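There is one chain below, alone, in structure tokens, taken in the form predicted on its own.
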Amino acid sequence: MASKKIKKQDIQSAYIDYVLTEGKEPSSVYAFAKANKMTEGDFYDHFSSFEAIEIGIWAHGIDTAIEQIKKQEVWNEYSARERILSFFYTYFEVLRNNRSFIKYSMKACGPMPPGKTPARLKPVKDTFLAFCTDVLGEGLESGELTDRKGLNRRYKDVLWLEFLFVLDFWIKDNSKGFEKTDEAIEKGVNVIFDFIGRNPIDSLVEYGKFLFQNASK
């Protein structure tokens, strides 16, 4: 009689249940597989380690959020600011389904030194930065954002820092429906876009250039 085919989702669900119940990783793949009536081969068909399971869960979360926002009928009409706001709101809505696991995983990561990204968050960072690069690029082309030579490439990094801040804020947020997190997203993203978008200072600089270039004419 053929053994039951073990699915990737089965392993992820069993792993999440274990770490949230025990507060730690299983002692070994062998022990984990035996407890869940599978072979080590079944496990390794899908994952190389427990960390790989967590990486996959994190990656699925951000992929799901981006897929959902791009399906919105108004997506093509959104400004760059609105697209980034939509991403943040949607992403943290997606995370709600695994909030306990996200809190566990972040705690397991330990302190994050500046400039260092835990392996668990590496695919999230890569996907987020690629997404922001596309959105910001369109914002620069449309004139919504200011083309500040030398600073443009840093815009996405500022948004990544905001992402990490909001993630930490959300984990600690005890407000009803995480309304404080929504407020933090709105205020934070708007402050960033007020800085990188066109503003009165840009108009003043352009006017100054105009006067300088035409002073001798």
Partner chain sequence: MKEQESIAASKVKRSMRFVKTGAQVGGNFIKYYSKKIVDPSTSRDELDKDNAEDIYNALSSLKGSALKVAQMLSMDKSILPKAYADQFSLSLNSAPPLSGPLIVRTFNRSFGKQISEIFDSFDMKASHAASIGQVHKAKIGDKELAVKIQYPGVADSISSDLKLVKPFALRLLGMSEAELAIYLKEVEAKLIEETDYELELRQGQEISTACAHLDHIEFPAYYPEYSNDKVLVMDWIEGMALKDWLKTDPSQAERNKIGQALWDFYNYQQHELKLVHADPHPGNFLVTKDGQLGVLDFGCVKQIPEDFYHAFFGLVNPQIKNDKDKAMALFRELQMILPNDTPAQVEFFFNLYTDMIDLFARPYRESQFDFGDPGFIQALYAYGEKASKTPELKQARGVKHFIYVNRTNFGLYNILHDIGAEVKTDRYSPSMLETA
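Quick caveat: nothing in here was measured; it's all calculated off a predicted structure. Residue numbers count along the first chain shown, from 1.
Beyond what is shown, the protein has a form predicted in complex with the partner chain; the following relates to that form.
**Student:** Hey, of 31 to 39, 53 to 61, 179 to 187, 150 to 158, which bit sits against the partner chain in the predicted bound form at 4.5 Å between non-hydrogen atoms?
**Tutor:** Stretch 179 to 187 is the one.
**Student:** Verify the flagged residues Val135, Glu138 and Thr146 against the partner chain in the predicted bound form: is each one within 4.5 Å by a non-hydrogen atom?
**Tutor:** No, none of Val135, Glu138 and Thr146 comes within 4.5 Å of the partner chain in the predicted bound form.
**Student:** Please determine whether Ser49 contacts the partner chain in the predicted bound form, using a 4.5 Å cut-off between heavy atoms.
**Tutor:** No, Ser49 sits far enough from the partner chain in the predicted bound form that none of its heavy atoms falls within 4.5 Å.
**Student:** If we define contact as a non-hydrogen atom of the residue within 4.5 angstroms of the partner, is Arg99 a contact of the partner chain in the predicted bound form?
**Tutor:** Arg99 lies outside the contact set for the partner chain.
**Student:** Is there any non-hydrogen atom of Ser86 lying within 4.5 Å of the partner chain in the predicted bound form?
**Tutor:** Contact check for Ser86: yes, within 4.5 Å of the partner chain in the predicted bound form.
**Student:** Give a yes/no on whether Glu93 approaches the partner chain to within 4.5 Å in the predicted bound form, heavy atoms considered.
**Tutor:** Result yes; Glu93 sits at the interface with the partner chain in the predicted bound form.
**Student:** Check each residue of 65 to 84 against the partner chain in the predicted bound form and list those with a heavy atom within 4.5 Å, in sequence order.
**Tutor:** If the 4.5 Å heavy-atom criterion is applied to the partner chain in the predicted bound form, 65 to 84 yields Gln72, Glu73, Val74, Tyr78, Glu82.
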